[in-house]
Structures are given as structure tokens and as C-alpha cells.
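In C-alpha cells, one chain follows: the form predicted on its own.
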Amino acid sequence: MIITVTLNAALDVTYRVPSLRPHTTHRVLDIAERPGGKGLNVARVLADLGHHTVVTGFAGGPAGDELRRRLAAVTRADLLTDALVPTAGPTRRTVGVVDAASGDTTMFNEPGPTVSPAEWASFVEVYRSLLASGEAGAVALCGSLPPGVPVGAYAELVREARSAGVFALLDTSGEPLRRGLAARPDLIKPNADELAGLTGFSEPARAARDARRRGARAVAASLGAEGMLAVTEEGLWRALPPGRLTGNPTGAGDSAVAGLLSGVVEELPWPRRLARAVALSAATVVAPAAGEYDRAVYEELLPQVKVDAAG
């Protein structure tokens, strides 16, 4: 079992318009809704890969009800368990407007509900019980913090996972990442900008090594079209997709997290984990629907990903 934590879950709404232009009225070609937030995106991919996944975090209001309904209807929903904690405040929505002419996406992200101390305490109780079940092989702590949640929340959750002997992956940014790093997560998965913001170094390998010195046991950095860099106790690897791909990068990093975590619980060596993560990420970029991945493209790309060791 893999646990994914999404403290600031969202109902993702995507509008597709012929061409996005400021100060005008637009005709919407189609609308898509799906359960969103980084951890939920990770969970959907993990389930599609055949892993039993428990999703937890917060959900509330009509948007939260719709999110849970749609979560129960996703592909391989039989492998997804809903352990979301109710909140009085409504779940946020993220609205993406896709320009059909250019393929570009413009995002509008609501801040999320204000979580009360009692709601936070309820979540921590659920989280501890999942860790203590003896079935958890790994946990992914993903995304932003909603209002009311302590800025050191991820540090607390990493420490709980470490106490239970459960592998903890942290995928967040800013101060929550900085605080979480001090609790020594097993793996962090920043993108290049987040890694530079954390360490002050723009060169990814140097920044990743610095992040390890600050507390991460391993760092897997998403580098966009340049693939992924991993710095671990065993060494450094770079993984490259077979070519430059065009499309919508929404959710590509979350698919990479699913690839890394599935590799952890399957006890794959680092090169195979990275190859899977890069292939899933690339298959998400080219998928017709934002945030989904193309299974056929993934299977085609996986053997073509080049992974080189560098120390």
C-alpha cells in the first residue's frame, strides 16, 4: 500500500477555447472536471500501474463532494481508497483555460479552505493510523498547504513516517519544503526552480548535493525537457527522454513522483526508477487530456530513456 497526502486537494476544471485573448468573451469548446491536487494526481497514476493507494488530506463542500465522486469513478478506482478528512470550508477549484490554437494553458488556482485546529488534529489521527497499519510501503507528501495548516506540517508528517519506518517522499516548495527537509525525508522531488530557490544554486547537481547536506537522503530533480537528475547515497544519475516533446506539462511532475514511488515499493534500482519516472512524465506531456498520461506512449518511451551514472 502507498499513501498519498494532498492537504490542498482541488477539483480541477479545464476549459478549452479556440484562442485565449484578454478583454474579450470566449466560447468554450468543451469542459472537463477531475479530482486534482498533486497527491491525487500521483494516486491515479499509481493505481493505473497496479498499486493499491490510499488518498488522504482534506475535502469539503460541494466541490469536495464532486471530487470524491469523480475519484470513485477513475480508471482502476478499485485500487484507490478514499481516506480524505471532511472540512467545513469548501475544497478549492483550479481552473485551466487551454488555448486550442497554441496549446498553451492559463491557470487560476484558488487558495483552498481554512483548516481548523480540530480538523488538522483529525487528519493527523487518520494519517498515524494509516502508518501504523503495517501495510504502508511508502508515503508521498505533496503540494501546497491550505490556510490554517502549520507551515511546519510536512516536517511533522515526515517525522511520523520515519517513526513508523515508512519511506517518505516530499514534493512541495518554499518554506514548507525548507522546514520539511530538516526532518530528513527519504526523497525530495523538486523541479529546477524549486531546487534553486531552496539552495541558492542554479546548477542542478550542485543544488541537489546541497539539498542532501540540508537533510534529504536523496534528491530527484525534474529538469523539464532535460529529464531528471538524482543524487543519492549510491551516486548520481541523469535520465533523458529520447527526444524533445511538445504538449501540456500539467501533472508531468506528479506522474514522475508516481514512477519514483512505484519503483521504491517494487525495490527497483535507481536507474530503473528514473527511467520509469521520465517515461511517465513525458507520456503526460503528450497526453490529450491535461494531467493524464498516455499508456501507449509510456510503454513505447520506457525502453528508450537513457540513464547515465556520473559518480
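Since we're looking at a predicted model, the values are computed, not measured. Under this definition, the rigid core comprises the largest set of C-alpha atoms superposing within 1.5 Å between the forms. Quick note: we count residues from 1 along the sequence shown, nothing fancier.
This next part talks about the form predicted together with another copy of the chain, which is not shown.
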Sole residue of D99, E156, E203, E226 within 4.5 Å of another copy of the chain in the predicted bound form, by heavy atom: D99
Answer range among 80 to 88, 107 to 115, 205 to 213, 234 to 242 for contact with another copy of the chain, defined in the predicted bound form as heavy atoms within 4.5 Å: 107 to 115
Partner contact for V17 in the predicted bound form: another copy of the chain, 4.5 angstroms, heavy atom: yes
4.5 angstroms heavy atom contact with another copy of the chain in the predicted bound form for E66: yes
4.5 angstroms heavy atom contact with another copy of the chain in the predicted bound form for P62: yes
is_contact(A164, another copy of the chain) in the predicted bound form, heavy atom dist at most 4.5 Å: no
Output flag, P22, V28 and V95 jointly within 4.5 Å of another copy of the chain in the predicted bound form, heavy atom basis: yes
CA of R27, rigid core aligned, shift of 2 Å or more between this form and the one not shown: yes
Core-aligned CA displacement of L302 at least 2 Å between this form and the one not shown: no
